[in-house]
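There is one chain below, alone, in structure tokens, taken in the form predicted on its own.
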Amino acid sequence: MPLNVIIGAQWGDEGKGRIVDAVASEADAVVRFQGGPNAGHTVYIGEEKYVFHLIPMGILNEGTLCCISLGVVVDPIILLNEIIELEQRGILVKGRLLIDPRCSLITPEHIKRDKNREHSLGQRKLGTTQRGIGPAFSDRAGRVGWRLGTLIGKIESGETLGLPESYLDACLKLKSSLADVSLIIYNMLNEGKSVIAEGGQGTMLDLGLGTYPYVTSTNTVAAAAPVSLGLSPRSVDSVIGVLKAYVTRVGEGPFPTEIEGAAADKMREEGDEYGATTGRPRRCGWFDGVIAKYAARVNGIDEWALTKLDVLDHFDPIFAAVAYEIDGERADELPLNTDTIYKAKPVYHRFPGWKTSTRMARKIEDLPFGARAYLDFIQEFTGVRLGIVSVGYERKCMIRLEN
């Protein structure tokens, strides 16, 4: 009964979509289990670029069933446009995408409230994508929000709902994709089929375990997967944590290993670090081992998938934080108070750069010695083995490690 959870282990943008796409060919189904259209999962097939906000990455693999679970908040217009765009590009979606009717909806009013709140906060803004995610989850918690299946029923009964016709029409066009995702996945697992639960954001954006209040409006950690899928926690077979070889963050909040100036600009350009959803430039910094260890612990990560190792080909030296210094004292664990994290100064381990391309590497032995030493450090420091190393944006630029 293999349910494998793929989770971001930093502040999002770790390359989860890249990893889900890589392993989806081995799965019978891929299910998005949290978040909303604030996610921006990107993958390249040849020179073709695909960006997904709601549809699971498995849709690019023929024969893989894709589902959106009740833990996701859905903007029906964005979802419908994603479906239309994919089908125009020759990707079959109809019959392969199922949506749980218990998904909560993002309405135009939620988007308006989101934008107004960010504007009113001024310098204290959270840096949200302003796509209505927070207000939609707030209304769900307050038990006043719409569910997709319920709203479709109201539309068909002829009730006056006070929503734009284009919005209501989008909801109706999704009706044929509604299904009990929880039951379908439960049955698949009992039949011995393989399912991937795809997370939307990163561990450090978790509502409770992240750098509150600079977080998203839902739980992003692995434990949220079985809840959102309507399954027992015992259903989870393994957890894959996705790390970037360095760290990025979009929006406000503390970022202990953040760098600025020419080095940050170079990292941003070499890594194409611009938000897939908003287009905003990402803040960039060195690898943070403290956060990686924290993510390993709170998610129960079994193996790492490391992305964008090739970006570090251009740097010498390379740094990784192994602890923080806070008010003159060493801290080996992530502080619980966000204000304290703001004061954290990274204690770095320095690595010599390898200054040669890793993009042609297809097995670990192909990597230069410096790159292998860097990967060994990550495994030893976090206590979690590496299973996948990505060395480029193309599908073929992937190293699978035998453990």
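In case it trips you up, residue 1 is the first one in the sequence shown, and so on. Keep in mind the model is a prediction, meaning the values are calculated, not measured.
Another form exists, predicted in complex with a small molecule; not displayed. Remarks below refer to it.
Taken together, Asp75, Arg140 and Tyr167 are entirely out of contact with the small molecule in the predicted bound form: none brings a heavy atom within 4.5 Å.
Of the candidates Ala224, Cys171, Ile240, Val311, Val311 is the one whose heavy atoms come within 4.5 Å of the small molecule in the predicted bound form; the others do not. Of the candidate stretches 335-343, 62-70, 35-43, 370-378, only 35-43 has residues with heavy atoms within 4.5 Å of the small molecule in the predicted bound form. For Gly387, no non-hydrogen atom is located within 4.5 Å of the small molecule in the predicted bound form, even though that partner is not displayed. Mapping the unseen interface onto this chain, Asn219 falls outside it, with no heavy atom inside 4.5 Å of the small molecule in the predicted bound form. Mapping the unseen interface onto this chain, Arg282 counts among the residues with a heavy atom inside 4.5 Å of the small molecule in the predicted bound form. Though the partner is left out of this view, Thr307 does reach within 4.5 Å of the small molecule in the predicted bound form, counting heavy atoms only.
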